[in-house]
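One chain is shown next in structure tokens, namely the form predicted alone.
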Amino acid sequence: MITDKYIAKIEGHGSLETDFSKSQVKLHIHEGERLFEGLLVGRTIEESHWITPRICGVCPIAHNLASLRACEDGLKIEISETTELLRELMVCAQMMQSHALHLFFLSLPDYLGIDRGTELAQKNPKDFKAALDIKEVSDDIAAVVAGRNVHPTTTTIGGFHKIPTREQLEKLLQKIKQTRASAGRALNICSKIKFPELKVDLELVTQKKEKILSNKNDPSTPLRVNPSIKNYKEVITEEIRNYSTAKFGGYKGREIMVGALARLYFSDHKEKEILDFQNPFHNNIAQAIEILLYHKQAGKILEQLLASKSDFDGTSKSDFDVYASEGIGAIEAPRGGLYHELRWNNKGIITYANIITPTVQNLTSIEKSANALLEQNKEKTQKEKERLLEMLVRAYDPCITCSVH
């Protein structure tokens, strides 16, 4: 029997075409292409970091910073330590914002016996308050540093139009301290959940120290021989499939998984010991771990900023000369590695743009994991399989709007 059903509680519109007799799944992406790469051509490089965040309302900071990095790479601009720290703080906010929304309102309801996240307010008010606390503190960081909690306004090539005052940073640090318990709440919830058992030979890929890492590379291989982010096109490949308006990405043509689970695989955080890196459902636990880790990191960055002698008033914007060039900007977004490549003429007008988003890379792995799930659960009813398949897709936290950029 073949079914084609829409998936609820994900960002965007997608459906699963499932052939239960053959244990085969196709992930159909139904959103229309929005052609942001084409929209960038003919615009100035100063506009790119304003335009690309509109790709996504969930991870606009990631697109903003990737575009800035591409421009700064092409113009050989070195940013100040203060700018670097403030941008790292923006990333912390982005990670907490996205993970909290996905876990509490889209994914965890599957395991908590509720239909939607708002029901948590009645079932467990403390957990619901924790979700709101995480969202509030991350929104506040984004608003203070990036100008608002969605689609940044203060960033510019080389720095910021405006940077926070010391008083604003002190208030953020105080809020971080007040929400420490809430930051660990998601992990406390996830650690008690019995996630579905699933074994998939996952190829986990992430960006680290200007390199692209894969767990399928020889683990004894030194970090320096892994592909450089500058050469991302040599390993991060895309293909078109006739049932999707999004491209399907991979690593040298192989199915890959990017995001929280992949990042923690290559980390040295002790919290990763509870993860099964062959079970994509554990991406939810990984996201909960990252909420805690990025919350701690935000506190450390704020303390470092406040310990400096900067007066945090005015601007850290760099002056720069525009000339014909090209640059690549990459960053780990909530759902995984994001790549922006731009080329421009001597007037700073963009002539070429290429963007590869995390969800594009995850699509192949979602299908691979879905096929494995059907093979490993043949004894279950069709209804049970359909429910597990939907939960699996949500575990990947796909952003379909980003995938059809």
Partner chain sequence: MGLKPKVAIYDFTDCEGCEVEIISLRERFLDLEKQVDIVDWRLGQERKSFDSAQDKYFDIALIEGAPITQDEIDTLKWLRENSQYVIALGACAALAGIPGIMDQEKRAGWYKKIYPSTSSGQVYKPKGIDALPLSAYVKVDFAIHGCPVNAGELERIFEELLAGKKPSYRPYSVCFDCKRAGNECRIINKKICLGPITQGGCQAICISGGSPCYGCFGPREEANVEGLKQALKKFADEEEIKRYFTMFYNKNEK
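Because the structure is predicted, anything quoted here is derived from the model rather than measured. Positions refer to the first chain, counted from 1.
The same protein also exists as the form predicted together with its partner chain; that form is not shown, yet it is the one meant from here on.
Q: If the cut-off is 4.5 angstroms on heavy atoms, which of these, Lys162, Lys211, Arg254, Lys216, is the one near its partner chain in the model of the complex?
A: Answer to the contact question: Lys162.
Q: Just one of Gln304, Thr153, Asn188, Gln278 has a heavy atom within 4.5 Å of its partner chain in the model of the complex. Which one?
A: Only one option qualifies, and that one is Thr153.
Q: Are Thr44, Gly117 and Glu390 jointly within 4.5 Å of its partner chain in the model of the complex, each by at least one heavy atom?
A: Yes, the whole trio is in contact, each within 4.5 Å by some heavy atom.
Q: To test your reading of this chain, name the stretch in 81-89, 294-302, 267-275, 140-148 whose heavy atoms come within 4.5 Å of its partner chain in the model of the complex.
A: Single hit among the candidates: 140-148.
Q: Using 4.5 Å between non-hydrogen atoms, is Lys9 touching its partner chain in the model of the complex?
A: Yes, Lys9 lies within 4.5 Å of its partner chain in the model of the complex.
Q: With a cut-off of 4.5 Å between heavy atoms, is Arg34 one of the residues that contacts its partner chain in the model of the complex?
A: So Arg34 counts as contacting its partner chain.
Q: So in the model of the complex, does His30 come within 4.5 Å of its partner chain, heavy atom to heavy atom?
A: Yes, His30 lies within 4.5 Å of its partner chain in the model of the complex.
Q: Can you tell me if Ile193 lies within 4.5 angstroms of its partner chain in the model of the complex, counting non-hydrogen atoms only?
A: No, Ile193 is distant from the partner.
Q: Scan 36-68 and write down, in order along the chain, each residue with a heavy atom lying within 4.5 Å of its partner chain in the model of the complex.
A: Going through 36-68 in order - heavy atoms within 4.5 Å of its partner chain in the model of the complex - the hits are Phe36, Glu37, Gly38, Leu39, Val41, Gly42, Arg43, Thr44, Glu47, Trp50, Ile51, Arg54, Ile55, Cys56, Gly57, Val58.
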